[in-house]
Ligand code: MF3
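The chain below stands alone, shown as structure tokens; this is the form predicted alone.
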Amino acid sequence: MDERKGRLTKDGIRIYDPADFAGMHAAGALAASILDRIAEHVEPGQSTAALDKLITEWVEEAGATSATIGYKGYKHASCISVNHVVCHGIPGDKTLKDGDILNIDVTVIVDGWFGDTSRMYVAGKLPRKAERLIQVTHDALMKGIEAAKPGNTFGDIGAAIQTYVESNRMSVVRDFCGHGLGRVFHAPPNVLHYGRPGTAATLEEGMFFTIEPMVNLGRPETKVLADDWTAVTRDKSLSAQFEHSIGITADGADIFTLSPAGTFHPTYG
């Protein structure tokens, strides 16, 4: 399918056909299965470069393509963001310490379809404050997905996430957002994780996009380091993120990136 075909809404958001859901499920399932497999390798003393090497090998073994290798000069099959890194952490030789939390983000291309997902992991024993941050971030994503149904707006999704996070005395990152995807990596709309109910574009059946809230224990401000990729919290507070790719159906959201092993949440509860 040519990504230029099909209907665009007045906001420039592509409406996909019912038959296109199968391709997104295949791509999403591979990305999610890779994140399932990496879990047992996340432990103190392990380097993030070693984790990325495994991910690269598994993408190749599956006959798929990494969407991030070569993307704007990026050289890795994953982004791995540790502790106060908000997103786009570059895998490297630094090793994980006991109690470190990390987000691993993987995007694969299967038969032209993009599967994009991320989730949280812990090396060793999970600290209590990090456990609460991870739980709130996970639940905020699910509340955003609950609001993703025809007739609602993208503002409803953002408001559901923001209200829940702030009620738990944490903050939602404003500098990064979810995005449309399908036969392309990034497309309209920008999916904000904050907002006012009833604002922004109206959701329609056939829209494909990610929801991927980043939540900080401290303030929401971020800064990008000199490598032009790594985003960190300005106040050095811990940050967490979960991401699913979804498609809008007649009565809600179809999650393309469900964990085959049921281990999307790091404590598997």
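Everything numeric in this text was worked out from a predicted model, so none of it was measured. Note that residue numbering begins at 1 and tracks the sequence as displayed.
The same protein has a further form, the form predicted in complex with this ligand, not shown here; the description that follows concerns it.
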{"item": "Answer range among 180 to 188, 195 to 203, 160 to 168, 136 to 144 for contact with this ligand, defined in the model of the complex as heavy atoms within 4.5 Å", "value": "180 to 188"}
{"item": "Contact flag, His88 vs this ligand in the model of the complex, heavy atom cut 4.5 Å", "value": "yes"}
{"item": "Non-hydrogen atom contact Val173 with this ligand in the model of the complex at 4.5 angstroms", "value": "no"}
{"item": "Asp52 within 4.5 Å of this ligand in the model of the complex, heavy atoms", "value": "no"}
{"item": "Contact label in the model of the complex: Trp229 to this ligand, heavy atom within 4.5 Å", "value": "yes"}
{"item": "One residue of Met120, Cys79, Leu96, Ala148 in contact with this ligand, assessed in the model of the complex (non-hydrogen atom, 4.5 angstroms)", "value": "Cys79"}
{"item": "Residues in 187 to 223 close to this ligand in the model of the complex, defined by a heavy atom within 4.5 Å, in order", "value": "Glu212"}
